[in-house]
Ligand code: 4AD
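Before any questions on how it binds or moves, here is one chain, the form predicted alone, in structure tokens.
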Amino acid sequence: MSHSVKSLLRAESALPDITLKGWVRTRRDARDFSFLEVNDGSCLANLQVIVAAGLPGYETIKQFNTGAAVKIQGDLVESPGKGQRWELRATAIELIGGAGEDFPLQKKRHTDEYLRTIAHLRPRTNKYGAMFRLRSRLAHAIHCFFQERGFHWIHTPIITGSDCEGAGEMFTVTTLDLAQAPKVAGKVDFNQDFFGREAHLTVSGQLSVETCCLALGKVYTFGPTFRSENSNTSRHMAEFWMIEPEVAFADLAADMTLAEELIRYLVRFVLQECAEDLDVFARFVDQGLIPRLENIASHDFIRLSYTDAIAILLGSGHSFEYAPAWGRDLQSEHERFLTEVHFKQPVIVHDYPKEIKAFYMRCNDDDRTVAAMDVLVPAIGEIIGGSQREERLDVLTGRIEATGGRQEDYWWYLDTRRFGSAPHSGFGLGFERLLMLATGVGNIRDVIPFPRTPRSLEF
């Protein structure tokens, strides 16, 4: 059984005859011995290995290049060097998988743009190793948050026949031969396809998880979603992950409270449980990261109506690229002005004009706005979008038709309003935007192992 670098660095006493497997980060040769820095991905730090020149097999040490996979047996002993408590004195070494001089990560620093071209290797760098460990820990924390509060995790479908957002930016799923697709009146005849109708990759699990909310009370979904928007911005990808809770008998105020509790819980978790990996980003990516996270963790979020938000923007005297106006959606520059300049803390904007929001959001009594909310945070802008859902059957059917939808496409969704309808609310949290908030990384392509963007599908 091999030990991890993390467990060895935390050892309380010296350990004889242990085994370590990992990858060489660096090798330095002296006259009578060689120093190896070995990392196995369990933590940011490396373990120093001392290989004496007289060790059997030492003649292979020249093959222990950066990137090589190795197996080391030896004794964990106190290190005389500064900055490290333990080192491994090798008694046997084995090269498991060599890495030649053309291994792309020979240098210590590479640009993010270059590393995106070798996404299959970038987890071996300090920055991306820290990112993907942190991503794993945050995913665990999300489940802990909901499970501790009595939520049930629902696995919603990835293939769907419904468009939750109504934007039409969906990937089509088909088994038809595209070169010889059957057509009727010039259009593809999806009646002959696998599902007998047009199918897509989902843009959201919300509509599906709502059906379970109206049976189980408190539910959430956490999984991949897809959007075929041809966008090359630093905030958009074609494949991303969403956390979408839904709560029965909850109004918009309860929805905002849950969203704030979730963000603050996750930020505190990162600060307390991921300090070593977080330090990489605080030192090398964004030196204002820790104060910003501490500000989010320690202050209540401002709650502000959309109407008041527009008034603040119009009265600010600030020159925006996109002029704010009632009835227009807030742009990223507006969101960041509110959170970074005006309030200097997170803001929840609520009660948006119904014309700029989805059909399922509950209409307010003024018939101009809907019970929608967005959570805005510094450095990111919108990180959560949610609403109280429209539980009234007649109003919901009218909204579907008014926004160009067809009732027959949502018959099962409308059934939940016919049989035991109840007020309920929920929201969507973009996991990658959460990671951008937690790390200060400015490009969404750098917080997911394999980014899917227009004309990019190499890995």
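The first residue of the sequence shown is number 1, and the count goes up from there. If you're wondering where the values come from, they're calculated on a predicted model, not measured in any experiment.
Although it is not shown, the form predicted in complex with the ligand is what the next lines describe.
Though the ligand is absent from this view, in the predicted complex it lies within 4.5 Å of a heavy atom of just one residue from 115, 170, 242, 274, which is 242.
Out of the listed residues 229, 251, 329, 294, 229 is the one that sits within 4.5 Å of the ligand in the predicted complex by at least one heavy atom.
Residues placing heavy atoms within 4.5 Å of the ligand in the predicted complex fall in a single listed stretch, namely 424 to 432, out of 424 to 432, 29 to 37, 55 to 63, 402 to 410. Contact with the ligand in the predicted complex holds for none of 283, 337 and 440, as no heavy atom of theirs lies within 4.5 Å. Taking the partner from elsewhere, residue 202 is found to have every heavy atom lying beyond 4.5 Å of the ligand in the predicted complex. Although the partner is absent here, residue 444 is a contact residue: one of its heavy atoms lies within 4.5 angstroms of the ligand in the predicted complex. Contact check for residue 352: no non-hydrogen atom falls within 4.5 Å of the ligand in the predicted complex. Although the partner is absent from this view, residue 237 contacts the ligand in the predicted complex, with a non-hydrogen atom inside 4.5 angstroms. Along 368 to 390, residues 382, 383, 384, 385, 386, 389 each place a heavy atom within 4.5 Å of the ligand in the predicted complex.
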